[in-house]
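We begin with a single chain expressed as structure tokens, specifically the form predicted on its own.
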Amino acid sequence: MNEQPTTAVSTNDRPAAAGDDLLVVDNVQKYFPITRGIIFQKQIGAVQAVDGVTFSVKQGETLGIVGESGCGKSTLARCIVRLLDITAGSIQFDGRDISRLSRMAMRPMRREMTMIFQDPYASLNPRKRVGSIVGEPLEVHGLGSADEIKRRVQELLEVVGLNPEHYNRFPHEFSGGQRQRIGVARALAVNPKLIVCDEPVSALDVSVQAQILNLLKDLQDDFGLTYIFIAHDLNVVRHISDRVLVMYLGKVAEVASRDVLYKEPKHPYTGALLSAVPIPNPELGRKREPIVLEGDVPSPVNPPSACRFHPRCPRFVEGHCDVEEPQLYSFGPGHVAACHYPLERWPMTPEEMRRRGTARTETPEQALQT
């Protein structure tokens, strides 16, 4: 079976925002400086948490972001909602560049983009009652009188599956799933266009996870919300996402629609992640050949040269993967992956590629005629 010729997608050109693109992230970088000294501090390095990430999200879409711990997912989420200032790049939200807006200029934009945090225990103030927690965004933006805010909060509690009588309770009186529902209600309070969900179900039981995921999907249908959904669990991402972005050590490894990514992954890292997902059928699970990655994730302080995945990649080719950084190559509409030697459906092993010196831009037909 012949593959279509692959082409490199330029990462230097600024992405053009389509009419239905709500968010455009262009070559965003976030470095945390490492300093030495107490009085006279000197920067001696930087943690490259996010390094050149580019993608866009359409109105009403759910983009899932997956990757190992420490790959920069949560840092990217906080950069998008401007809880962290970016080092370089740009972020356009609803046609407006918000990358360098001041705190006061960002305040009206806070109504349009909100966040659900990972830990439902740490993200709620234990000294405040639920009514105050959920109603605080309304008070900050001056959206109604005290009575109107109370009615709105009680409506929101009912929308997320809680009782309006919970208005006067404290967070410690609720279970983990109920606390996360409170976090969802707070995010919905100001009728946002975009909600960034930073691993909202990772700290919950499986049965409670399903309830929160179904709640998020129902709310998206009812209010036309746009989600950026960050998670470790690939089954969770597959359930809720329209497209999936795979990150590795601060960079984009692969982006594709949900069905295409799970059926035909191209990046070896994506294949390794998918091969680790448990299969409920024991017979199919025994037949599957897992992709085992050697070693640990390198430090973002001193990441590997060229392809950052090459020290752990089973398809590593010396003199190429560790010298030339792969661009995002196109494998079809909306499907790109940053790999010189992807998981292709044509009869060439990494050893054959190394022996023939196959260039990544060659088609299978050209490579086989070498």
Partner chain sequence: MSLLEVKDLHTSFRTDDGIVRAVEGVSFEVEKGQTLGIVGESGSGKSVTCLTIMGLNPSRNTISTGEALWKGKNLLTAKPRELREIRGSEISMIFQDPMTSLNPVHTIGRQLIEAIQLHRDLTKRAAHARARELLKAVGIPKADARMDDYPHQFSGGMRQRVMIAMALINDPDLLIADEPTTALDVTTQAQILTLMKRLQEEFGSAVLIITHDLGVVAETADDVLVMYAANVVEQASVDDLFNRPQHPYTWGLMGSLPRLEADLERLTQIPGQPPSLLRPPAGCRFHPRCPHVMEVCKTTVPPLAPSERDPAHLQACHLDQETKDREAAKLLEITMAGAG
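Numbering follows the first chain given and starts at 1. Owing to the predicted nature of the structure, the values given are computational and were not obtained by experimental measurement.
Here the subject shifts to the form predicted together with the partner chain, a form of this protein not shown in this document.
Across the options 182-190, 291-299, 137-145, 101-109, residues that bring heavy atoms within 4.5 Å of the partner chain in the predicted bound form belong to 291-299. In the predicted bound form, R286 approaches the partner chain with a heavy atom inside 4.5 Å. In the predicted bound form, the partner chain lies within 4.5 Å of some heavy atom of Q209. In the predicted bound form, the partner chain lies within 4.5 Å of some heavy atom of E68.
Heavy atoms of R82 never reach within 4.5 Å of the partner chain in the predicted bound form, leaving it off the interface.
The candidate spot formed by V28, R96 and V260 is out of contact with the partner chain in the predicted bound form: none of the three has a heavy atom within 4.5 Å. Proximity to the partner chain in the predicted bound form, defined as a heavy atom within 4.5 Å, singles out one entry of Q92, T87, Q118, S132, which is Q118. Scanning 232-246 for heavy atoms within 4.5 Å of the partner chain in the predicted bound form gives H232, L234, N235, V236, R238, H239 in sequence order.
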